[in-house]
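Given as structure tokens, the chain that follows is alone and in the form predicted on its own.
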């Protein structure tokens, strides 16, 4: 599956600003790949403006065979990555995914993630349901700029 170019899909491009559910605000970015690379990561900032806590229970994208939330840990000089399961987002709280920590792992990419394009994501929360957005594809964290809330 081809990643959607910014200009070719104006509807998705308009969702590059933070996506909103009932009071769930999400923004982020995805790491660019090189041809032949079949995995990458997306990093999100999720702010729960609800009066009740919620949980991020699933992430999907048409650009990859699988998308799941992982956490990277380092213990004794050994770096490990494992599934994070459902991610709690407390009432009025924010969860920030970033390199070296919590992230959306993308495996089985259909095509390279190219700088300047958008990656469509669908997030499913236990309470508020589905939030759809498209995040910009960038080279690295320093290219990500400031988070939008």
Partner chain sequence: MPDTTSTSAPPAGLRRVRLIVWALVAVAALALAWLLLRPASQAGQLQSVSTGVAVGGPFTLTGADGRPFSSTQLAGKPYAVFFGFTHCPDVCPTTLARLAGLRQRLGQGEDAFQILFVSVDPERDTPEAVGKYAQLFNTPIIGLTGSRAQIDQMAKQHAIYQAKVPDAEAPDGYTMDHGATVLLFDRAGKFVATIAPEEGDPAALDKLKRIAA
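The structure presented is a predicted model; accordingly, all values stated were derived computationally and were not measured. Positions refer to the first chain, counted from 1.
FYI, the form predicted in complex with the partner chain isn't displayed, but the following is about it.
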### Query
Is residue 66 a contact residue for the partner chain in the model of the complex, using a 4.5 Å heavy atom cut-off?
yes
### Message
Contact with the partner chain in the model of the complex for residue 105, defined as at least one heavy atom pair within 4.5 Å: yes or no?
### Response
yes
### Task
Evaluate residue 91 for contact with the partner chain in the model of the complex, applying a 4.5 angstroms cut-off between non-hydrogen atoms, and reply yes or no.
no
### Query
Hey, in the model of the complex, is residue 38 touching the partner chain, heavy atoms inside 4.5 Å?
yes
### Summary
Only hit among 99, 49, 62, 53 for heavy atom within 4.5 Å of the partner chain in the model of the complex is 99
### Query
Going by the partner chain in the model of the complex, which residues of 80-97 come within 4.5 Å of it through any heavy atom?
80, 81, 82, 83
